[in-house]
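Only one chain comes next, encoded as structure tokens, the form predicted on its own.
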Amino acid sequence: MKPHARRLDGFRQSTIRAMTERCVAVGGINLGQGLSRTPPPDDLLDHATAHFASADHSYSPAHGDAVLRQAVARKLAEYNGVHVDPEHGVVATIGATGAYNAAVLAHLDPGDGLLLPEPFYGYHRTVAEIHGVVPQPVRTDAPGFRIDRAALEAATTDRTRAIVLCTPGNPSGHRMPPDEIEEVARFAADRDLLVITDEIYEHLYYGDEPHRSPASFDLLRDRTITVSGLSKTYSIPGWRLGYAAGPPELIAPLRIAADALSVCAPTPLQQIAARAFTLPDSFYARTRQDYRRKRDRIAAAFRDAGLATNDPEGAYYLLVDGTPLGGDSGEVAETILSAAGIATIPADAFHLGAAPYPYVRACFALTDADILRVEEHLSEVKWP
């Protein structure tokens, strides 16, 4: 019997999960995986406790429970400026990655090209490759990480069918401003490309400008699948609730794919989690303020230890420059883990080839107790 399907040849466990296991084995502090160790909102937990028994414990419709779909549609209209039909334009999924997986399966054939601006979220590449889709990296440069027309042209071939936009970006923290979205929109229209957005960090940003969803721009409205979820904003990644939204003609095949992949997202959690969309604006403001404070503390700790960081505009990751430690990004991550007891993710996980410089990603979605431990470890570290 052969050991596995040939489509998995060359694939290994994700670097993010592998580093989490390494961290657990050495008793380290995990700044690698985005585990959202900050607590969920009390209102949501209280609602879950009060209503779990009375929730529906059977299957939901394949595209999701009506309560959640309607809540998502209202939120998209009010917050994102994206108007969708909750019956035909929204699909609830097993996390945002489930929505992305269904979008790729529904709309791209093996051999099709998918533009991925680097640095990219590793699962965007892995999911594409498992479905036989060819990742086409689009170069962006630190510290701005802006996508420009020249880089898009250089990465595109006659097989290119779609582009993924992640804003705020994982791992970069870059937020796409309107002029950048418009430049990408013109390119996508000229090339007739599908646009898949990942907006899982849409509420986590640190400047004054609000989040801008690509699908709210005229040129992208009819060609964009918006992907997001509840994991990051509400610190409930284990609930595995995401969604895809867009025009009915784009969502109809995605609905079939999502059904085939997982039947449905957990019904009682869908119904309970819809409560999250009723939280007041003050919750989001407090959340951003709290993450900004955590970002600044972790960044200061790395800088005091001699390692420069970027200044992310959104999401909850820092890019830490490991150049002073020597070696490639994998060696830098090993040095930080062995010398400081802190797990990070090497840059090569976010690039199709070698990263342009030896940085690592560090997550700051931590409890204050863990942030204090990070500060203590880095204040005492002696680099080899």
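Residue indices: 1-based, along the sequence shown. These numbers come from a predicted model, not from an experiment.
This next part talks about the form predicted together with a small molecule, which is not shown.
Of the residues given (255, 175, 232, 295), 232 alone sits with a heavy atom within 4.5 Å of the small molecule in the predicted complex. Only one of 251, 96, 152, 128 lies close to the small molecule in the predicted complex, with a heavy atom inside 4.5 Å, and it is 96. Note on the interface: of 176-184, 305-313, 194-202, 285-293, the segment with non-hydrogen atoms within 4.5 angstroms of the small molecule in the predicted complex is 194-202.
Using a 4.5 angstroms threshold between heavy atoms, residue 116 stays clear of the small molecule in the predicted complex. Using a 4.5 angstroms limit between non-hydrogen atoms, residue 359 is distant from the small molecule in the predicted complex. By the criterion of a heavy atom within 4.5 Å, residue 121 is counted among the residues contacting the small molecule in the predicted complex. Among residues of the shown chain, residue 34 is one whose heavy atoms approach the small molecule to within 4.5 Å in the predicted complex.
By the 4.5 Å heavy atom rule, the three marked residues 211, 213 and 276 all fail to count as contacting the small molecule in the predicted complex.
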